[in-house]
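To begin, one chain is listed below as structure tokens, in the form predicted alone.
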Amino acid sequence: MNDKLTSKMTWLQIALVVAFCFLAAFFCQHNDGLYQQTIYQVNQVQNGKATKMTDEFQNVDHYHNQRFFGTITNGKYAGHHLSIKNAYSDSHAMDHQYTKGQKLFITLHTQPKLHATVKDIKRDAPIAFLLAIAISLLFVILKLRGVTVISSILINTILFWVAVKLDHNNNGAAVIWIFSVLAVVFCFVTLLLVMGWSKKMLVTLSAVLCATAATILITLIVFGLTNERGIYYESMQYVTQLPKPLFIAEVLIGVLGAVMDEATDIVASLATLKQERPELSSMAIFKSGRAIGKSIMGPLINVLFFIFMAETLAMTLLYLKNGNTWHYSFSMNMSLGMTSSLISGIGIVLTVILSSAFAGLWIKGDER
């Protein structure tokens, strides 16, 4: 597999990928003039002595004071030299350790004299570097089809931003309806750009929408029958609107991504199989789709489980380190992630059945 991949990549393509990535990072490292926020470059750091701290649960941490010297790189005070104090802990739970060469966003204070406090680290250079690598690899491996993938990502990002703005303007009153419409548009745009307008695309679209709708319906029925026992919405921190509709919207988008990936693989495989063996009956196609689904839904469910649970790992460990029980730590941090994983698993299983059934009914031997 790797030999076939590298054989398609010429040395010129590899060189262009590397050059594009470094140019993107170089541009972001020297684009301070484009920012309205004041940027400060650290030229020298002086670290003080560490102070040991132990809490009532015998958790040990060390606190450090540091002073760094540097230069403002943009705005009215560009070129001015400043020294800034900073305190940080080894755990870095609520603070940062700054090092020589970093660029920081700062807030300037002019009274009684010019001084500053640090707001955050300027991170656009490494982000741009990683983004450039991803885009370059898409073009190198997929050639012009990489354009459709990138286009779908950009369009979906804009659509998601519009949905969030609409939800914000409506104070969360119609969050489920907004994200339901968004899910349909997401699915249609992505499949249209990736698969093109074809019967395969329509079969995949039908399977994805039906599986997603059925999954959400089952979720709401189960929530109603169980009175949502064991669902701790209070773990959704800083939420300023009703948490249940927002959680359903989150699950809706999460399920959509999982089932779309699975349905695309199954329908594309069955379309190729039907094209090569047009004599296969609808039942044979259905059984083949189930066989394909069995081989991919296990790893897919596990991937979603790991993603949902990994997001909560840090807070769970923090709860445990502060004397909370496993039950309480799990309930307050991992219960919603586990619930999302189970709901996504239901959607993945339904997608196997629906994708196989729709493909068997609608895809003909001459369908490309």
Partner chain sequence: MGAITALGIVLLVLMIIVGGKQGITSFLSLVVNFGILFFTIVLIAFHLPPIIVTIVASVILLSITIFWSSASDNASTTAFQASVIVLILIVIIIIPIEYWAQVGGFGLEDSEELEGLSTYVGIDFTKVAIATAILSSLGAVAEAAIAIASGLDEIILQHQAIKSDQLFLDGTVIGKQIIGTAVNTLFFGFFGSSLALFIWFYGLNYSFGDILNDKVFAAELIAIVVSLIGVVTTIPVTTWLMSFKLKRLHKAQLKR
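Positions refer to the first chain, counted from 1. Just so we're on the same page, rigid core means the largest C-alpha set that superposes within 1.5 Å between forms. No experiment lies behind these values; they were computed from the predicted model shown.
What comes next is about the form predicted in complex with its partner chain, which does not appear here.
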Region of this chain that lies against its partner chain in the predicted bound form, out of 74 to 82, 277 to 285, 108 to 116, 121 to 129 [heavy atom, 4.5 Å]: 121 to 129
Residue contact check: residue 304 to its partner chain in the predicted bound form, 4.5 Å heavy atom: yes
Contact flag, residue 211 vs its partner chain in the predicted bound form, heavy atom cut 4.5 Å: no
Close approach of residue 197 to its partner chain in the predicted bound form, 4.5 Å, heavy atom: no
Contact test in the predicted bound form: residue 360 vs its partner chain, heavy atoms, 4.5 Å: no
Listed residue (138, 202, 174, 181) with a non-hydrogen atom within 4.5 angstroms of its partner chain in the predicted bound form: 138
In the predicted bound form: members of 84 to 100 within 4.5 Å of its partner chain, any heavy atom: 89, 90, 91, 92, 93, 94, 95, 96, 97
Residue 100: Cα shift of 2 Å or greater between this form and the one not shown (core-aligned): no
Shift of residue 277 between this form and the one not shown at or above 2 Å (CA, core fit): yes
